[in-house]
Ligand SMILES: CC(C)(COP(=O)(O)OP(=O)(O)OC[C@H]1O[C@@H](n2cnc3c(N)ncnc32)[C@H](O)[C@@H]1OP(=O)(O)O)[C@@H](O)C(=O)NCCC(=O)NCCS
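In the block that follows, a single chain appears as structure tokens, in the form predicted alone.
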Amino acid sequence: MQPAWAPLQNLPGSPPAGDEVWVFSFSTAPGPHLDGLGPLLDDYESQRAGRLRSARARAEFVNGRGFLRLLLGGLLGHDPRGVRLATAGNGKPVLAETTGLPLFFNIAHSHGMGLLAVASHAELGVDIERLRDVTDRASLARRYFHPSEVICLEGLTGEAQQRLGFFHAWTRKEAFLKATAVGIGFGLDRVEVTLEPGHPARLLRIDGCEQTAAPWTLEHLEPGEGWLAALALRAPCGKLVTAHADLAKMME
């Protein structure tokens, strides 16, 4: 992977201020550092990791949950192993206890790269996809996108533009669904977003209603060459802070 963002020098010791949002990229590849991250997981997480069949899937999970625990431990002043996590709708991790410190976070990963987003003022979701050929892209768009989005996508000129448009739409919709913890069963076609390459990311309508979509912010992210990502936030994003966390170095 080739991260695009500057290195994260140190884990922060205080939460995002005001309407600031952090998004950190990280590698989900296996490596010796997993020997240090693995013991940070609780029993449930360790059992879940053990049930994953492939080494790649286990590494994705341990990297993500281990990094989350390191970050939350620093923000809460806890040992990372003592951070209590629970699961909201659709498997979204949340804090299991009231800490007096509001923290909203979400994790995503795709083909070797992960993202961890954190805010203290509003619920959020993040999604990332590796840019790649999708042979049934047109049928997927007709199945999952709103008809107006399908028309917009089909109107883009050239294979490269249509592929970008498809992944813009997919990541933005998934980020919204992850923020609300409802999952894909909610219906991707109920959420209309901008998808044209070069146009600002916006959530246009939810169930055809612009007013319902108005409180939401969408941010387009490019965490590395060959990846596209999106952040959905149920509030304004006054300042977006991005960085790349080298977990292998952190665990040396």
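All residue numbers are counted from 1 along the displayed sequence. Owing to the predicted nature of the structure, the values given are computational and were not obtained by experimental measurement.
From this point on, the text means the form predicted together with this ligand, which you will not see here.
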Is there any non-hydrogen atom of residue 55 lying within 4.5 Å of this ligand in the model of the complex? no
Find out whether any non-hydrogen atom of residue 108 is located within 4.5 angstroms of this ligand in the model of the complex, and reply yes or no. yes
Given that this ligand is not shown alongside this chain, does residue 121 nevertheless sit within 4.5 Å of it in the model of the complex, heavy atom to heavy atom? no
Even though this ligand is not shown here, does residue 184 get within 4.5 Å of it in the model of the complex, heavy atoms only? yes
Only hit among 61, 227, 216, 67 for heavy atom within 4.5 Å of this ligand in the model of the complex is 61
Contact residue in the model of the complex, from 147, 158, 155, 91 (heavy atom within 4.5 Å of this ligand): 91
Sort through 160-168, 100-108, 73-81, 134-142 and report the only stretch with a non-hydrogen atom within 4.5 Å of this ligand in the model of the complex. 100-108
Contacts with this ligand in the model of the complex - residues in 147-174 whose heavy atoms fall within 4.5 Å: 174
